[in-house]
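Just the one chain here, laid out as structure tokens, in the form predicted on its own.
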Amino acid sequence: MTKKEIFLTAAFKENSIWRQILGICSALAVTNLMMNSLIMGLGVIFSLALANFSISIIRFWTPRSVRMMVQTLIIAAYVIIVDIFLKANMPEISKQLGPYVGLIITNCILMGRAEAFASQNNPLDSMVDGIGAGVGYTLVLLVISFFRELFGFGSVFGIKVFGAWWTNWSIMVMAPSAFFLLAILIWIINTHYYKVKA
């Protein structure tokens, strides 16, 4: 596969959220604001791309018996860098994201891509796969947070869209709305897109 095909497959065809239903905890937890979703997505892209790259480099020297532990350690190192960066440069967003940045370490998307792709392919392809999977994850977060922020706060990226006439939907700020929006998104994509492709 070409690098473009690897990227498109990871981002869309094998999207970790709508095709594999992985990593949905953060999709439900941090999508009340678009900025939170964007920062979380960028953190996942950074961690996933570099973790895949690193795991792929050492794949021939990693014993099978400790491979998962080594992968977790590598992922944790990059997630800690993201966490420290956010605390130092974006303390408010870091506080809003809370423990979910740290939980990137246990995100099934990162472990899944490390095991399914990075441990079997060359470093550059693995990095492209990581970027693709991260972009696919980020797009899902942004779609969900767009509707939650728009209807819950009347804004997009903190910029007011609706005037004083708008009554905010408090349900959209709560986690159940993310669950239903994610379910609707998965239903639309799997029913319409993949049905047409089949």
Partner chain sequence: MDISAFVLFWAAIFTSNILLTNFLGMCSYLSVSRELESALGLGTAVIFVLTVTAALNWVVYHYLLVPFGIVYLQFIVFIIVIAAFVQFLELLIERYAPALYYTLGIFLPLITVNCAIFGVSLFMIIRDYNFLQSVAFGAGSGIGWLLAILMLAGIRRKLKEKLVPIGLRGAGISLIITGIMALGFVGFSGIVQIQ
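Note that the structure is predicted; figures quoted are calculated from it, not measured. Numbering follows the first chain given and starts at 1.
The form predicted together with the partner chain exists for this protein as well; it is not shown, and the discussion that follows is about that form.
Exactly one of the stretches 134-142, 46-54, 25-33, 160-168 approaches the partner chain in the predicted complex with heavy atoms within 4.5 Å, and it is 25-33.
In the predicted complex, the partner chain sits within 4.5 Å of a heavy atom belonging to Pro99. Using a 4.5 angstroms threshold between heavy atoms, Val79 counts as touching the partner chain in the predicted complex. Though the partner is left out of this view, Ala178 does reach within 4.5 Å of the partner chain in the predicted complex, counting heavy atoms only. The partner chain is not shown here, and in the predicted complex it never comes within 4.5 Å of any heavy atom of Phe12. Proximity to the partner chain in the predicted complex, taken as a non-hydrogen atom within 4.5 angstroms, holds for one residue of Leu73, Leu124, Met90, Ala116, which is Leu73. The three marked residues, Ile105, Met174 and Ala183, each reach the partner chain in the predicted complex, with a heavy atom inside 4.5 Å.
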